[in-house]
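Take a look at this single chain in structure tokens; it is the form predicted alone.
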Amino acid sequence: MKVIMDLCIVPMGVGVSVSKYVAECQKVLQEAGLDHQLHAYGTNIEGDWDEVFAAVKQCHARVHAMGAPRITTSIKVGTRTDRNQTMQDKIDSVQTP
């Protein structure tokens, strides 16, 4: 099943700046070959359900390995069965007059 996810992983107990942890999660997504787009408060990801959720698990593992004792994560997930729709399709449907 194809999924589009909005992911926000926040390491806790690591200070104010979390950019190096976000960068590490971006590496996980790149290594997994998933289409993704970073935005100001998270990352949009699209791909197969199992592959996307496996990457989220790997993001948690890597961020913990970097020293984060706690992580809080917010996830929004969308699936469709009526047609195939990409993240860009969703953007284009709003921006196209």
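Given the structure is predicted, the values throughout are model-derived calculations rather than measurements. Throughout, we count residues from 1 along the sequence that is shown.
We do not show the form predicted in complex with another copy of the chain, though everything after this point is about it.
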*Counting only non-hydrogen atoms and a 4.5 angstroms cut-off, does I71 reach another copy of the chain in the predicted bound form?*
yes
*Examine T79 and determine whether its closest non-hydrogen atom to another copy of the chain in the predicted bound form is within 4.5 angstroms.*
yes
*asked:* E31 versus another copy of the chain, in the predicted bound form: is there a non-hydrogen atom within 4.5 Å?
replied: no
*Any of the heavy atoms of M66 lying within 4.5 Å of another copy of the chain in the predicted bound form?*
no
_Where, within 28 to 51, is there a heavy atom within 4.5 Å of another copy of the chain in the predicted bound form? Residue list please._
L38, H39, A40, Y41, N44, W49, D50
